[in-house]
Ligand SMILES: Nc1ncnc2c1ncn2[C@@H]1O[C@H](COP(=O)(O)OP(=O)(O)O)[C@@H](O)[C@H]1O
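Okay, here we've got a single chain as structure tokens, the form predicted alone, with questions on binding and movement later.
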Amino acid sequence: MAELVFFSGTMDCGKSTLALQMDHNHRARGRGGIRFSCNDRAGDSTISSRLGLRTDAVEVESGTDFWDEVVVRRTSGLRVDYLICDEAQFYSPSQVEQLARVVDEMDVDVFAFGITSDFRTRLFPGSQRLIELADKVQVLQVEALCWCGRRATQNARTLNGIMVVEGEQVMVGDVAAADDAPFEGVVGYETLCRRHYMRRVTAHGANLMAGGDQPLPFDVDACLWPGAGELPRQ
């Protein structure tokens, strides 16, 4: 029977790589599928991996209806046995419900891949709905690492290397800010362990504190880092 499976993890844990591998394996066995993505770092209509792998995909937009996507293809004679849904954290809750309906009423497997929480440690709406509805939620076993070497559990957004905890939930990383943006600089992302996320110490900040030498030892008081500031009170 078809299933809705959500593969989750932090950045750098191989979600897109696994998505491409699963698509290859299913196609190699004669199954037909559709690849979807949303806000991929490589551009629209693309699934890309940090390892350099990439392929074309259908871009998921606010008006995308997964039920209609499958119906259109099946009525035109194409075989649809499964869906690969990358960057699923950016899907709306209603779109996740469409995926569940495709599984239950069309017997189509759905393999969704996405980050669970954002740079503020808040659940993405799409990821939350996937956790609520998925038949299986699998945390990927490839561990992303913090700059200190510990297992990374948090996704941090940076501006010119300094961690920020305010801003829009969705913002593509490693890009320069637009001319009309309220700040100047380069937005990026990195994975941090909980300790350094809470202390707001990025790799850039650690190197500055260490005078450009090796990363700091674990017991350094990161609160001395002038770029740390204070997390906003809730």
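All figures in this text were calculated on a predicted structure; none of them were measured in a lab. So that there is no doubt, residue numbering starts at 1 and follows the sequence shown.
The discussion below concerns the form predicted together with the named molecule, not included here.
*Asks:* Taking the shortest heavy atom distance, is residue 11 within 4.5 Å of the named molecule in the predicted complex?
*Replies:* The answer is yes: residue 11 has a heavy atom within 4.5 Å of the named molecule.
*Asks:* With heavy atoms only and a cut-off of 4.5 Å, decide whether residue 198 touches the named molecule in the predicted complex.
*Replies:* It does not: once the named molecule is placed as it appears in the predicted complex, residue 198 has no heavy atom within 4.5 Å of it.
*Asks:* Do residue 142 and the named molecule come within 4.5 Å of each other in the predicted complex, heavy atoms counted?
*Replies:* Taking the distances in the predicted complex, the answer for residue 142 is yes, it comes within 4.5 Å of the named molecule.
*Asks:* Indicate whether residue 51 is a 4.5 Å heavy atom neighbour of the named molecule in the predicted complex.
*Replies:* Yes, residue 51 is a contact residue.
*Asks:* Go through 66-74, 22-30, 200-208, 42-50 and give me the stretch that gets within 4.5 Å of the named molecule in the predicted complex, heavy atoms only.
*Replies:* Only one stretch passes the 4.5 Å heavy-atom test: 42-50.
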